[in-house]
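Take a look at this single chain, the form predicted alone, given in structure tokens.
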Amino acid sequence: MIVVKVGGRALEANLNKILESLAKHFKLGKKIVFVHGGGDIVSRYERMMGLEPKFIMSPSGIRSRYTDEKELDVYVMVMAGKLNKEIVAKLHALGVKAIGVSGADGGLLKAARKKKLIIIDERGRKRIIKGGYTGSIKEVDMELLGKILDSGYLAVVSPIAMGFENELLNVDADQAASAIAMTAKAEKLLILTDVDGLILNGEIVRELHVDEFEEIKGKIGAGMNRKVMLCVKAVRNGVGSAIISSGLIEDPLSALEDGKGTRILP
């Protein structure tokens, strides 16, 4: 089984080529779970509805969406509705049997709601705010995904989870892909982004063994550092290997075999 995650920027810029690449590999007999982001698309629809997206900065420098109740409504509509079903329809047009689900469907992803968040405000000071409707994934129920995959379908998963009080939560798509890959002991986890991989000192790191991460993590920008950290965690917990590569190329899933991007290895 392969888990593929695509971020919103690569998805918007190169959706058709990404899906053509998915279709090609699926037709080779691969079992594939496709986790999609789409934050930029959510922001566009929020503005169309008269809402201004809110973003916060963590002390580690990671910028993320702040999800209040109104924002959650738009997030769920776009992620689980419009975007997820458009991807499913396009895959069917390519001859791929696909089923779209959110992490809330069937209790696929269970997350703990973040009651409080520590942020850096516009003056550079640490503040504590209410956590809103974001969550950290704690459980993955593979029974549903297993049935979908074993029935010959490609699973398209949007990053929405069910909280432990049965509330809907926005969860990080990279975290969702990593959690699914770990639970399934996937052969490979592929994270497609808008850069070619992990770049240090102006060069792409082609291979990174999990024990080497501690030596370099302070040299990596916050956003990429999180992706690498989740890949390292996945490989340490039973995933064969993880790859961070570009989703903007002609055949993005070719990174599974041809050495593109950065490979995280045991």
Partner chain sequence: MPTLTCPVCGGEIEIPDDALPGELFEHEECGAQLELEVDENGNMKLKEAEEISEDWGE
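Remember, predicted model here, so these are calculated numbers, not experimental data. Numbering follows the first chain given and starts at 1.
What follows is about the form predicted in complex with the partner chain, which we do not show.
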- Query: Even though the partner chain is not shown here, does it sit in the model of the complex so that 93, 106 and 144 each have a heavy atom within 4.5 Å?
  - Reply: no
- Item | 186, 171, 190, 156 - the one with a heavy atom within 4.5 Å of the partner chain in the model of the complex | 171
- Name the residue from 195, 101, 78, 119 that puts a heavy atom within 4.5 Å of the partner chain in the model of the complex. 119
- With a 4.5 Å heavy atom cut-off, would you call residue 84 a contact of the partner chain in the model of the complex? no
- Message: I'd like to know whether residue 238 contacts the partner chain in the model of the complex, with contact meaning heavy atoms within 4.5 angstroms.
- Response: no
- Message: in the model of the complex, does residue 205 come within 4.5 Å of the partner chain, counting heavy atoms only?
- Response: no
- Query: Quick one: does residue 62 come within 4.5 Å of the partner chain in the model of the complex, counting heavy atoms only?
  - Reply: yes
- Location of the partner chain contact in the model of the complex, chosen stretch of 22 to 30, 209 to 217, 52 to 60, 196 to 204 [non-hydrogen atom, 4.5 Å]: 52 to 60
- Residues within 4.5 Å of the partner chain in the model of the complex, restricted to 219 to 250 and counted by heavy atom: 226
